[in-house]
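Consider the single chain below, provided in structure tokens and representing the form predicted on its own.
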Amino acid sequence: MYLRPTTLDQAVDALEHHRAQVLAGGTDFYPALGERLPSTPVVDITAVAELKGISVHETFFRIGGLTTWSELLAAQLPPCFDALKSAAREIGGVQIQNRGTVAGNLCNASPAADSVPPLLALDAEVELVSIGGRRGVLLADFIVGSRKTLRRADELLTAVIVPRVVENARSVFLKLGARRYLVISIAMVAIVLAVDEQRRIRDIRIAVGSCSARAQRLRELEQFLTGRPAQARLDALVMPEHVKSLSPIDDVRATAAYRSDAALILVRRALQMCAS
């Protein structure tokens, strides 16, 4: 069964009455199928206009779940989104960026999903809608493991909400892979850094991906750096113990030890880029 609703109400009603898969950009959906046909009903949400676009509100930015990475790159957004835009450029090639969606990348919940560290560093929240209502979940809580989220089968991820608290902060995203383009990351880091009038660190968020079952914030390092001068050698303050909360694995792309070392170096480099 193939359903193509044109409104949000129709979409959540379809999910309520059918144990269905959601089709958005399809950039993960079709490769996962291979040569097989879908074994469950499919709800194609690409015609639901309510899920598209980026809007600015008094206290938050709202990124519609069907917003593509190319659309996000073209949007006029403040500097705190620079890391997210850098990550968007790393998501496949231009063809994938034209089709792949924000919601799809988050719901796929790969440990190597490029968008997750910069959105974690922005304290993003996801909006989930079902026939029973609407709820918000912090992204840090939404992804619970590799390919696992808190989204129920009857819910759609309709938007990503970003609070307007560090709009003019510097932000940086760095990714390490086996080659420059079209690569799954070995390690990646996103940092958002805001300073006060004395150039002391007022607010800092540091998120690391591909080094745990899910991307995570380095809360202890954030606390350690808050209040310190944003000086030339800020990177020298970051020690190996600051990334001990990560739990990297050995796989075909890298060893756990290499990932741990790479994460430390990327944190240092990104921090220096923000502070310079």
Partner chain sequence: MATIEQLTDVQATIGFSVNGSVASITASPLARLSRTLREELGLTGTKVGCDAGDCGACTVLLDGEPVCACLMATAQAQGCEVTTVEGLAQRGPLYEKLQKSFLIHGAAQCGACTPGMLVAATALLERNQQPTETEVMDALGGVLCRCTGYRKIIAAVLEVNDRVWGQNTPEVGHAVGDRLVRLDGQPKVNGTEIYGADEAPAGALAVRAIRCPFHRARFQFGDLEAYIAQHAGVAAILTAKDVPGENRYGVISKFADQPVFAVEEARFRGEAVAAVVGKGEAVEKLDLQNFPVSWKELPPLTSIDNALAPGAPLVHLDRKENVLVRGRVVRDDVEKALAEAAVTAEAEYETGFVEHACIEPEAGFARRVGDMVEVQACTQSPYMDRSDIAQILGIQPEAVRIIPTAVGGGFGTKLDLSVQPFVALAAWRLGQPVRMVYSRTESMISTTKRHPARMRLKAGANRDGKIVALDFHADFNTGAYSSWGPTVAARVPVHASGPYYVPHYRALTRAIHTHLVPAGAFRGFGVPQTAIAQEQLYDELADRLGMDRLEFRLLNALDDNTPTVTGQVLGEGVGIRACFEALRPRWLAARQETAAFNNNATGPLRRGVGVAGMWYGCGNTSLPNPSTMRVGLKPDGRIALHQGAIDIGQGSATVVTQICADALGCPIDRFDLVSGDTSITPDCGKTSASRQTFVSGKAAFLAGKALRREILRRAGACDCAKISFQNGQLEIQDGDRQHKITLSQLPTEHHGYVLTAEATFDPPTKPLDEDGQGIPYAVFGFGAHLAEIEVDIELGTVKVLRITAAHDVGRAINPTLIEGQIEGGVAQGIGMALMEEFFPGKGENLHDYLIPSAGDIPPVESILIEDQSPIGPFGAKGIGEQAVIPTAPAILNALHDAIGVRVHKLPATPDRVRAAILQAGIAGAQRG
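It should be emphasised that the depicted structure is a prediction, and the values quoted were computed from it without experimental measurement. Numbering follows the first chain given and starts at 1.
The form predicted in complex with the partner chain exists for this protein as well; it is not shown, and the discussion that follows is about that form.
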Next on the checklist: I need to confirm a contact call. Of N168, Q198, Q95, S146, which residue comes within 4.5 Å of the partner chain in the model of the complex, counting heavy atoms only?
Outcome noted: Q95
Checklist entry - Would T67 count as a contact of the partner chain in the model of the complex, using a 4.5 angstroms cut-off between non-hydrogen atoms? => result no
Checklist entry - Q231: heavy atom within 4.5 Å of the partner chain in the model of the complex? => result no
Checklist entry - Is L3 close to the partner chain in the model of the complex, meaning a heavy atom pair under 4.5 Å apart or at it? => result yes
Checklist entry - Does the 4.5 Å heavy atom contact test between P240 and the partner chain in the model of the complex come out positive? => result yes
Next on the checklist: Which is the contacting stretch out of 221-229, 207-215, 53-61, 24-32, given heavy atoms within 4.5 Å of the partner chain in the model of the complex?
Outcome noted: 24-32
Item to check | Residues in 255-276 with any heavy atom within 4.5 Å of the partner chain in the model of the complex | outcome: T255, Y258, D261, A262, L264, I265, L266, R268, R269
